[in-house]
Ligand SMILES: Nc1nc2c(ncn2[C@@H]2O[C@H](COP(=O)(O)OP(=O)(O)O)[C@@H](O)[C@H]2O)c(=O)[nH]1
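Just one chain follows, in the form predicted on its own, and it is written as structure tokens.
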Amino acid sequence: MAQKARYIMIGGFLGAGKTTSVLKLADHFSKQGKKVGLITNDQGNALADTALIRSHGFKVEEIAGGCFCCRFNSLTEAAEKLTLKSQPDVFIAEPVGSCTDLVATVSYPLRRIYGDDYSIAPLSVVIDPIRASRILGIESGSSFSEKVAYIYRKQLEEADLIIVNKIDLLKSGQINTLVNKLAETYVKARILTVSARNSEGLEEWFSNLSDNREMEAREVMNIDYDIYAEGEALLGWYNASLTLKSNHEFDGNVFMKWIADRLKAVLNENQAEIAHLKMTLSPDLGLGDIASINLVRNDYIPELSQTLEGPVKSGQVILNIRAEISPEVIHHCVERVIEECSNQYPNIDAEIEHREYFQPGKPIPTHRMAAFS
């Protein structure tokens, strides 16, 4: 009998550092000689995550237009496409950052319908410790409204493994306070602390995912889909792809940082609670070089997680913004910054080729199973 492929889902709210974690996990398996297929997911099209993952050489399929729970058949079709391409030993799936109830709508149906094909790993939920501390009432600071926070807490409630990421940003006392609060509140989960960026603490986490240990059977959580839908509808979604052209070489890293800084400022002016801003720049010439920048909170700074080695003359930008504000406001903020860009960088022609902005619709799962069988 053929060995079952391992299915690993890495959940967590927008801005938690899931994509960095997924890349580190994929690299971990690759070094073990295993073939890895990745599946990204979004409510819309044109994902910075997909561009970033491809730049690292991994096989990836993108599911757009809804979360895994509502696009279950697309999820299995994506796995089938990856199987035809490269026969992965491991599938790593990154669901939409505003999605929850994944155990009942994804993991259990996969087990029941495709149990002969996949070994289902425990569900990991990655969190940004500062965002989590604010939502759990440990620290003060800007945060989401209650219905958006409802989704955040439900993600934690269904986790088998709660992964406290970015511990390099906190003092040991802050980490201990957060871990203790999480352990008190979510007693069924195992709490692990890591810094995916610095590769700190990953070995213990990955060991929980690398063996053949399957997710444990338990009753699925209760969830109010009306509140869930209302929370998602409070989030504005913006995706765009831009073409950059210039007669002169320019520093793409500096350009990306300027755009992100201005977007942060303008979104703050409009009192948007930023969940995540991601942007990639892929030069037209080069060997797959790519720049990537992220902003995960209003009171943080945009960070270049991946930089270009040299100047560029043209390229493609993918911009994703998620914030608690109407999508129309995000659209106007982007338009304003692009207009400012023409004054700041008169030699660079930035043209938006594709844009979409919307609020997610009510989640309607393809399946929802209360038992693991």
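Please read all numbers here as calculations on a predicted model, not as lab measurements. Each residue number is its position in the shown sequence, starting from 1.
Quick note: we don't show the form predicted in complex with this ligand, though the next part is all about it.
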Original post:
in the predicted bound form, which of the listed residues (262, 197, 181, 134) lies with a heavy atom within 4.5 Å of this ligand?
Top reply: 197
Original post:
Any chance 13, 16 and 166 all have a heavy atom within 4.5 Å of this ligand in the predicted bound form?
Top reply: yes
Subject >> residue 49, heavy atom within 4.5 angstroms of this ligand in the predicted bound form >> reply: yes
**OP:** Flag residue 307 as yes or no: does it have a non-hydrogen atom within 4.5 angstroms of any non-hydrogen atom of this ligand in the predicted bound form?
**Re:** no
**OP:** Answer with yes or no whether residue 278 is in contact with this ligand in the predicted bound form, where contact means some heavy atom within 4.5 Å.
**Re:** yes
Original post:
Does residue 101 reach this ligand in the predicted bound form, with heavy atoms at most 4.5 Å apart?
Top reply: no
Original post:
Based on heavy atom distances of at most 4.5 Å to this ligand in the predicted bound form, which listed stretch, 104 to 112, 291 to 299, 208 to 216, 222 to 230, is the contact stretch?
Top reply: 291 to 299
Original post:
If we check this ligand in the predicted bound form, which of the residues in 206 to 236 reach within 4.5 angstroms of it by a non-hydrogen atom?
Top reply: none
